[in-house]
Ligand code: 6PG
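One chain is shown next in structure tokens, namely the form predicted on its own.
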């Protein structure tokens, strides 16, 4: 595990964009398409906005997919799909492709459809955050046993946020990624990271602990 500490919001954004750019360019070597999983939320948004301006990337060979989504229409203010389209799929980044859950479908069909779409993906990188309660993606503690099972996508719920119903990828998808990048800011999350770094934590309560290996980098602001 690598830990990169930054001192200002500007340094946090610049460090994150540099890491993502390098990861995408490396994944594209040999004419390949870079497959990148994206999380929503307020922390990565300014990073995505800056990344969208990067001209060294061949955006036509970038395939994004959502790591988690709120079960709301794609034009809803809480939609991760909307945020990513507005923040990242613009400027040069407009040429990238995005796979996202079809929330116009009934929830069980939405889950099954998205599972089918991403099951065969081999992510080069997944971008994650961590909530103050320890959740990653929409895998909320105590994490459901299904999150460790064979499905690529599951339905989760939370009472801590306005949108209760969530769509989330599972641990096998995150573990299958060639690399993982956590973006976190704030003293509460940094204190939580110290607990996660303890290898003896219960994975259902500290889900990020499952991913604490040499393929994971944390950028902390």
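Remember, predicted model here, so these are calculated numbers, not experimental data. Residue numbers count along the first chain shown, from 1.
Keep in mind that the form predicted together with 6-phosphogluconic acid (6PG) is not shown, yet the notes after this line are about it.
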{"query": "Joint contact, 43, 68 and 166 to 6-phosphogluconic acid (6PG) in the predicted complex, by non-hydrogen atom at 4.5 Å", "finding": "yes"}
{"query": "Partner proximity in the predicted complex: residue 135 to 6-phosphogluconic acid (6PG), non-hydrogen atom cutoff 4.5 Å", "finding": "yes"}
{"query": "4.5 angstroms heavy atom contact with 6-phosphogluconic acid (6PG) in the predicted complex for residue 131", "finding": "yes"}
{"query": "Contact test in the predicted complex: residue 189 vs 6-phosphogluconic acid (6PG), heavy atoms, 4.5 Å", "finding": "yes"}
{"query": "Which of 113 to 121, 85 to 93, 136 to 144, 98 to 106 lines the interface with 6-phosphogluconic acid (6PG) in the predicted complex (heavy atom within 4.5 Å)", "finding": "136 to 144"}
